[in-house]
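One chain comes next, on its own, written out as C-alpha cells in the form predicted alone.
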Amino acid sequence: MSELHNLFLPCPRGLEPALAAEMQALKSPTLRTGKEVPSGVPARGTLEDVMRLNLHSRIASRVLLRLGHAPVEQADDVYRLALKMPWERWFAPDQTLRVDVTADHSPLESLHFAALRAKDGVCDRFRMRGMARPDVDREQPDVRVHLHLGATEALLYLDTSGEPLFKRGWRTAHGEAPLKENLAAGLLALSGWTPQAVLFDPLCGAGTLVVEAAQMACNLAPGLGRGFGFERLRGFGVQAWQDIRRAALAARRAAQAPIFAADIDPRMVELTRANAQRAGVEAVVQVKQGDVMDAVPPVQLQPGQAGHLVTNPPYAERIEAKGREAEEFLPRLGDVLKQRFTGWNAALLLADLQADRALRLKPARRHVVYNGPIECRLFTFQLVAGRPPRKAAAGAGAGD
C-alpha cells in the first residue's frame, strides 16, 4: 500500500485553505498536500492516507482517487478514456456502479450523455476481458465513479467516500435551512475558535455548529459513525483499516472548555440535544431555550480564557423574512453583541455582504464562503465596549 496515488478532495468554496491545513495536521509522512484550487485541494498519498482522510476530514466533501485523464472534445473521448482504465483492479463485475459528473466550462453539450459514455467504457472494459458487465444502481451502488469535465480534458476518479463526508451519521433530522456539517466545521476553523476556548451559538437550530465543535473538542474523528466507499473496493487492507479506526477511538479526550447552545424554538433545543446524543457528545453541549435578543454570556471567562460566539443567523436567501422585525434583526443583534459580550470574539455567517453596516460593528476579517450556491461572508469581530443601544423604533414595544 506504499504506492502513491493522485487524490482530490472537494470542499465548499471558501474553505480550501482550511481543508489544506486540516490535511497537513494529519502529519502523514506519505501525504503530499497540493496547492488549493477553487472548491478543493489536490494531494498525493497512499491508500492508507485515503482511509485516514475519509475518517478524519471534517471539511472535505469526498476523497476522490484519480485514475486517469485525457483531452476531450466529444463524448466518445470520455468513452475511450474509461475503456483504458484498470477498473478490474479496484472492483469486481458483480458489484453495482454509478457514474456522477461535474463540469467546469466543458465543451460537451450533454453532461448526462457524457456520464453514460463513461459508464459504457467501464462496463465494456469488463466485457472485453471476458467478464460480465456491472449493473447500474443509482440509489445504493457498491462503486461510485466520478467524471469531471474541464474546458479541455476529462478526469476519471474513484469515489472512495461513498456518501458525502458531511453525512456523519448522527443527524437524522434538521431544522429549516440547515448548515452542512463540513461547512460548519470550516466556519469554526475560520472563526479562530479552538477547543481551549468557550463556545456559544445563540441561534443553534439543529445544533450542527456546536455538535461539530464538541466532537472536535473531544478529538472524535467525524467518520467513526459511518461507512465508506473504499470498504467495498479492492486494495484497501482490512487490517490497516481496523488499526486506523482503533487508533482514532483511542484518541478521544475530555473537552477542555464548555460549549453552549440556545434557540428560541423548543423543538430545535430538543433536536440539538438528540443530535448531540447521537454524536456521542451530549455531556459536552449545554443547550437551553432562549431568545438571542435576551442572550448574555453563558459563563464567566477564566483569566486568559477566550470566548467565541459563532452562529449562522437566518437570512432572506435561506428563509423568507418580512416586516419590521426582520429589518431590525441585525441592528438589534449588533446591540446585543456590543453591550453584553464585551471581551468576546464573534463570527457570523451572513448572505448580506454589507451586514457589518447593519450590525454597526467593524469586522476584523471578512471571509468569502459559499453556503451551497449562496455567496456569504463570515464576519469575525473582536468585541469591545460600545455605545448605548439604539432607541426602539417609534411604535415598537420594548420586547419587539
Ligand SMILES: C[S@@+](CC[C@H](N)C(=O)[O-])C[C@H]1O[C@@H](n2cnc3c(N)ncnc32)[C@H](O)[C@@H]1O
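Residue positions are given as counts along the sequence shown, with the first one as 1. Since the structure is predicted, the reported quantities are computational estimates derived from the model, not experimental observations.
Keep in mind that the form predicted in complex with this ligand is not shown, yet the notes after this line are about it.
Per the 4.5 Å heavy atom criterion, this ligand in the predicted bound form is contacted by stretch 306-314, the sole one of 247-255, 118-126, 306-314, 89-97. Not displayed here, this ligand is approached by residue 263 to within 4.5 Å at the level of heavy atoms in the predicted bound form.
Put simply, residue 186 is far from this ligand in the predicted bound form: not one heavy atom of it is within 4.5 Å. At a distance threshold of 4.5 angstroms between non-hydrogen atoms, residue 222 is out of contact with this ligand in the predicted bound form. In the predicted bound form, none of the heavy atoms of residue 198 sits within 4.5 Å of a heavy atom of this ligand.
Between this ligand and the residues 85, 268, 158, 287, the one pair within 4.5 Å by heavy atoms in the predicted bound form involves 268. Interface residue among 216, 190, 292, 72 relative to this ligand in the predicted bound form, by the heavy atom within 4.5 Å criterion: 292. Taking a 4.5 Å heavy atom cutoff to this ligand in the predicted bound form, none of the residues in 117-135 make contact.
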